[in-house]
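Given next, in structure tokens, is a single chain: the form predicted on its own.
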């Protein structure tokens, strides 16, 4: 199974990359192939037209489309900005449709405050449903993200470790169930 991790922040001084890297390491420890899609490394212009409908689709958008298609499941990582998920993540999601079809998607949200991005995560789960995908019911919330990791991006407290373990246990069970069901349906149709 291959899991894409979409890092939805491009801001200078961002903190959500710490969670994305942590999830990447933890998935790899479980022998799960990962693809960290950092929107800061592959910025997209403000949406003009969705992938597949644009007459002169940029190579950057085509490359991101291919990476999303290759993923069996996804985890979206976002900071909470003004009570919602990041605009750059919303812009990126708006480019694509088929790439998310019936995929399991987990949400990890971070905040500088004590609530860990709960509002952003809930709103993002609603968007995932609108994408035709399946949101994992639980979320990974990382409050006070500035203090959650050390300089080498290692988790400082047990709470984040326990939360990450539970999140990934549930996510991988959920993702495998969906991926296996999609494969079985595809084999029956063939």
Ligand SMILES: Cc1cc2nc3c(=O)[nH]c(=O)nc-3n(C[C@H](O)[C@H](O)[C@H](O)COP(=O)(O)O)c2cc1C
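What you are looking at is a predicted structure, and each value in this text was computed from that prediction instead of being measured. Residue numbers count along the first chain shown, from 1.
A second form of this protein, the form predicted in complex with the ligand, is not displayed here; the remarks below concern that form.
Remark: all three candidate residues (11, 83 and 110) come within 4.5 Å of the ligand in the predicted complex, counting heavy atoms only. Within 4.5 Å of any heavy atom of the ligand in the predicted complex lies no heavy atom of residue 106.
With a 4.5 Å cutoff on heavy atoms, residue 145 counts as touching the ligand in the predicted complex. Contact annotation for 16-47: a single residue, 16, has a non-hydrogen atom within 4.5 angstroms of the ligand in the predicted complex.
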